[in-house]
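Only one chain is included here, represented as structure tokens and corresponding to the form predicted alone.
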Amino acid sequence: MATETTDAAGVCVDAGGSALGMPQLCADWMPNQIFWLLVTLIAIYFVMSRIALPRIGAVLAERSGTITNDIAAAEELKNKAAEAEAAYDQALLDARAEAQKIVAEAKAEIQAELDVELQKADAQIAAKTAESEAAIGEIRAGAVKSVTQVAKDTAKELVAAMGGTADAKTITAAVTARMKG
């Protein structure tokens, strides 16, 4: 069996050109790797600083401006809404006051009409009462006359039925005395 002996001092590839071990860790290739790393980092730095970062900054500035404008617009709308609410509340208070005024006027008007109607009704009741009292007085007077006449006739018939004679003057005096109490 043949073993290959390699120089550990600088050989990172075998006779066929294949890498031995990890080529990234080969000390012979380190300066080359560092050079390309620096070139790549510088290229990335310039691309980022000259192209990407300004675009990102512009987008961020635009967003910031939009957000600021939106916040200002929202604040303005909030103030307008507060003013509209205050105006609405004032209009509501005015409408309630006007409604209470109208209700008070309507109550006063209805009360005045009610008072007039009550006075008319009281006058009609008083007139009907006077008419009724006059009619009752007439009926009472007629009833007293009728009772007096019936009492006289009954007394005359009773005296005659008992066998006595009485003149009209005596019977009238007796009935009149008894009617007075």
Partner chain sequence: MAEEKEGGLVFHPLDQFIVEPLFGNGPVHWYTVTNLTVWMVIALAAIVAVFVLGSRGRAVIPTRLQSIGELIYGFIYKMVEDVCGKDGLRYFPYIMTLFLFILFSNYLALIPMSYSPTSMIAVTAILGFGVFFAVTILGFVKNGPAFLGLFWMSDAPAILRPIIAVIEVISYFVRPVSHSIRLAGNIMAGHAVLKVFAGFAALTLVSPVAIFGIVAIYGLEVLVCGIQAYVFTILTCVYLKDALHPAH
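Source: prediction; values computed, not measured. Residue numbers count along the first chain shown, from 1. Throughout, rigid core stands for the largest set of C-alpha atoms superposing within 1.5 Å between the two forms.
The discussion below concerns the form predicted in complex with the partner chain, not included here.
Of Ala130, Leu114, Val47, Val150, the one that lies within 4.5 Å of the partner chain in the model of the complex (heavy atoms):
Selected option: Val47.
Could you spot which one of Ala134, Ala143, Ile56, Ile125 gets a heavy atom to within 4.5 Å of the partner chain in the model of the complex?
Exactly one residue meets the criterion: Ile56.
So, Gln24 and the partner chain: in the model of the complex, are they within 4.5 Å at any heavy atom pair?
Contact check for Gln24: yes, within 4.5 Å of the partner chain in the model of the complex.
If you check in the model of the complex, is Asn69 within 4.5 Å of the partner chain, heavy atoms only?
Result no; Asn69 lies far from the partner chain in the model of the complex.
Contact flag, Ala19 vs the partner chain in the model of the complex, heavy atom cut 4.5 Å
Yes, Ala19 is a contact residue.
Contact test in the model of the complex: Leu41 vs the partner chain, heavy atoms, 4.5 Å
Close contact exists here: in the model of the complex, Leu41 approaches the partner chain to within 4.5 Å, heavy atoms only.
The partner chain in the model of the complex: contacting segment from 28-36, 134-142, 117-125, 150-158, heavy atom within 4.5 Å
Correct option: 28-36.
Quick check on Leu53: with the core superposed, does its CA move 2 angstroms or more between the shown form and the other one?
Result for Leu53: no, shift under 2 Å.
When the rigid core is used for the superposition, does Ala27 move between the shown form and the other one (threshold: C-alpha shift of 2 Å or more)?
Comparing the forms between the shown form and the other one, which are aligned on their rigid core, Ala27 does shift its C-alpha by 2 Å or more.
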